[in-house]
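In the block that follows, a single chain appears as structure tokens, in the form predicted alone.
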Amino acid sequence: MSIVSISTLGEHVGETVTLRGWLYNKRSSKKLVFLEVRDGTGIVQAIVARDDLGDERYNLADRMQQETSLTLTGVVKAHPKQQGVYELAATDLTVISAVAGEYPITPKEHGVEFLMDHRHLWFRSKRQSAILRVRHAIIKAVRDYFDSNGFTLVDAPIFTPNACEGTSTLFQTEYHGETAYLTQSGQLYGEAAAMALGKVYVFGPTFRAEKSKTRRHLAEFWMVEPEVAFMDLEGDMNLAESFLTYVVGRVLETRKEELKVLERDTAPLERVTGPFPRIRYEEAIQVLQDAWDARKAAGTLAKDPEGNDERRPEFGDDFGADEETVISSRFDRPVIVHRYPASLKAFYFKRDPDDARLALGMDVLAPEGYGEIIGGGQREDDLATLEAAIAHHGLPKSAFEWYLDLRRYGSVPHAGFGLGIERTVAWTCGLGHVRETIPFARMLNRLTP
């Protein structure tokens, strides 16, 4: 008798099959027990009849506790009212392992901290399993997009010898008598690889030691970073648009059922098609100023701790979550904001040749208040200019000699960006916090389980 997965039951209607899984839920009457069994691919209802299995197996099913692991044999039947749903008329069952006691996560409401403390069990639930499957679909789409468009995957190191943009948000560790840092980004290494391979992407975990408790920040997260030789800012924006459209489209195509479980309104995702609106930083500032003016007229300006009205946005201000929400709310799909003040960007951004105040950088802001999910731009390719930028930022030139070599030996225009997987999962699934987007979240006050 074949052992099958729940996801393939539709191929075995009328057949007797065996599956293995865990008890997810149960209800019973005097003559029937209805077992909801999950196996990692789905959930099926199995009907255990006293008359068919006898008192011993019926009582075994009736006493079974949530998360008991079991083997179940039965006849596959199509649900009489729900198309595409199947049931199992049980003919036999055995317990693989009984549980030690009552399952900690009961159907009642639990606090977030309790659920995070039991994260190793929490993602057995329908909702959390759906999120992890969407995450998988996003990661697969990321790899498929780049692999099918001539990119080569290049793995960047996790330990780095220098703090590229200061040490305040880096985790420091000892490395055989030297100081090392957990990487914030694989970008610089991606640039080196692009000079050899043309089109590359780095994909791996990155770390930020920010003392942040917001719904959009994790201490450890995954990021994909393409880097392309002979590409300028315009090409970078085109790549980000094409890439993001592909990834969201694949999720809509392959994870319909999971999005239903999450009760995600897919209409905003279905609008993620090119062309994306593109606005300059100055235009974004104007949007914020207009919103400030409207709030002032309505008497609804926020107050600072001293009781003063919030300051009117001006050129040179960076955007936080609130500002990004205001900007993106003007559009029905992701919006690309480009040409930020150079003072807001890292030393390696190329300046706009038409306005030295500006960097050739861009961010993609997701709609619905999810903010920046892509950040990148064109890199400085002139040796002298990059050396001056390193000095201006007070960075040790010796730590960047290898990076400067990329400009000494065959420098070319190049650009790239980074996309955070967790923020993309949060947006795609419609989640309120990134802690649910990764199997085991690492946050300011959480290092377990």
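For every residue, the number given is its place in the sequence shown, counted from 1. Note that this is a predicted model, so its numbers are computed, not measured.
Below: the form predicted together with a small molecule, not depicted.
Visitor: Within 4.5 angstroms, counting heavy atoms, which one of the listed stretches 420 to 428, 381 to 389, 402 to 410, 43 to 51 is next to the small molecule in the predicted bound form?
Guide: It is the stretch 420 to 428.
Visitor: Would E225 sit within 4.5 Å of the small molecule in the predicted bound form, counting heavy atoms only?
Guide: Within the cut-off, so yes.
Visitor: Using heavy atoms and a 4.5 Å limit, would one call E372 a contact residue for the small molecule in the predicted bound form?
Guide: Looking in the predicted bound form, residue contacts with the small molecule include E372, since a heavy atom lies within 4.5 Å.
Visitor: With the partner left out here, check for me: in the predicted bound form, does some heavy atom of F221 sit within 4.5 Å of the small molecule?
Guide: Residue-level check for F221: yes, a contact with the small molecule.
Visitor: I'd like to know whether R351 contacts the small molecule in the predicted bound form, with contact meaning heavy atoms within 4.5 angstroms.
Guide: Looking in the predicted bound form, residue contacts with the small molecule do not include R351, since no heavy atom lies within 4.5 Å.
Visitor: On the criterion of a non-hydrogen atom at 4.5 angstroms or closer, are Q286, K296 and D317 all touching the small molecule in the predicted bound form?
Guide: None of them does, since no heavy atom lies within 4.5 Å of the partner.
Visitor: Among the candidate residues R208, R133, R280, K199, which is the single one with a non-hydrogen atom no more than 4.5 Å from the small molecule in the predicted bound form?
Guide: None of the other options qualify; the answer is R208.
Visitor: Tell me, out of H110, H118, H217, R250, which residue has a non-hydrogen atom within 4.5 angstroms of the small molecule in the predicted bound form.
Guide: None of the others qualify; the residue that does is H217.
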